[in-house]
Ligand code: ADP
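Presented as structure tokens, the chain that follows is alone, the form predicted on its own.
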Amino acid sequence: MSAAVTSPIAATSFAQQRRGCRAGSAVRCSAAAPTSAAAPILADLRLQCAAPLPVLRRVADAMAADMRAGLAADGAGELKMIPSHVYSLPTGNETGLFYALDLGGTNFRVLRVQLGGKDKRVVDTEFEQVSIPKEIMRGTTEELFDFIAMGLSRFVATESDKFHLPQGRKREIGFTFSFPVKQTSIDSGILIKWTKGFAVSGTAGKDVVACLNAAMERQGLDMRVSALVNDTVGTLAGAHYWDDDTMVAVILGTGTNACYIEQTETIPKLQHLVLGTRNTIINTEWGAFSDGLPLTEFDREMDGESINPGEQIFEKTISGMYLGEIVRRVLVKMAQVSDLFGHSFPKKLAEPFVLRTPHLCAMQQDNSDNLGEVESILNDIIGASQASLEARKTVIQVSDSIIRRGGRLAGAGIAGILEKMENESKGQIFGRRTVVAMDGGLYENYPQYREYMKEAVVELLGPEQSKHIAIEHTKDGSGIGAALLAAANSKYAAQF
């Protein structure tokens, strides 16, 4: 999985849990208390989600310990610590035309890039996005990969004079595949299972690169897959191309994941390959982490009703898919015991995932005295037409508690990775400039979350060590990163 996302929780009617409630656009309730009755819930929530420094330290240390366990043996820890088989990172010397294919959701994207070497770097890029019909997402392996190969073939056919394939070379492509795979080499990987709404028959247990190659051959497309990567690995490669101080990449969006550059001699489970002293990228799959996380009753309820209870706890605590749903569950409990939204329970509030993280973000940017934007969102999204100013402030405080915890825990995860790298490299991380490349809509668009995350990193590392750590946004780096990895692992690399 790469920043993988699990499906929403099955719908549960919370409105029926309040005594004296009956159906309607807003459910009238006979046993409600004043808004102040919600105050103890808010106080408990703030306490449980505070994530003070000692909690963050335990999380960071546990993350580092679990990383070591996962590097020692498969299944030894919660983190899979999947070797990417990337041993050659882009250097900037790469020249020529390279393609990328990004498959990770209901769309796939194709991209081409003309590389000009050290002096010119990226000369030109073009991309196209194609929507995948639902029947293809539930069809056969051949139907899916033929559909993709057809789209890729059409895109190749539009190649203009701006792009030039050196004579004697075959087109090469980097394949970003953001589903669970057991990668066996830089250009092969066995699909473990489909996620994200895909239910394609006959693919599990097969090499997805072989599936794509076969489909391209059926389309008469003369192209070779030279790198199979996930989106986090692609992000790291893309950022490292522009700044070779980049050592870590983190995606914080709908889902989340992190990867980093590791020395092969510190990976016990790879010693049988006799790789010598080299660097490689390790995909942590950190969404599966859970040790020491400060969870609330709302987290546990959400997890228990999910399609994968007990799994992906870190992801469910820090990623954009779930933050709005946690807030909604807190508001449900408050509305059950108080007049938070007037004398009625807003019926739409009972719908799982109706309140999304972008709604929280928009509300937290409202600096007006009357919180008019908050009022509009509560009315439009959950049907709370009677939310007083006090209620609006309460909603902001609930949102901030969940966002603050998520950001601080993400920061603890980053600090844990950096500290593990520092310990293994004996001073090569904190003694020099080290870049953490960030991507994903949650990080990019939610300023409070972003600041809470950065504050936690500084608190954990201290001012002296953290001044060497640069946390930088790299927008949409995974696509071009896959093309760059195709170039770095090209069979023509000796010609660069």
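Residue positions are given as counts along the sequence shown, with the first one as 1. This structure is a prediction, so every number in the text was calculated from the model and none was measured.
Omitted here: the form predicted together with this ligand. The next part is about that form.
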{"item": "This ligand: the contacting residue among 401, 226, 338, 254 in the predicted complex [heavy atom, 4.5 Å]", "value": "254"}
{"item": "The single option of 294, 352, 358, 139 touching this ligand in the predicted complex, heavy atom within 4.5 Å", "value": "358"}
{"item": "Heavy atom contact within 4.5 Å of this ligand in the predicted complex, the stretch among 89 to 97, 417 to 425, 319 to 327, 155 to 163", "value": "319 to 327"}
{"item": "Any non-hydrogen atom of residue 445 within 4.5 angstroms of this ligand in the predicted complex", "value": "yes"}
{"item": "Non-hydrogen atom contact residue 70 with this ligand in the predicted complex at 4.5 angstroms", "value": "no"}
{"item": "Residues of 404 to 442 having any heavy atom within 4.5 Å of this ligand in the predicted complex, listed in sequence order", "value": "440, 441, 442"}
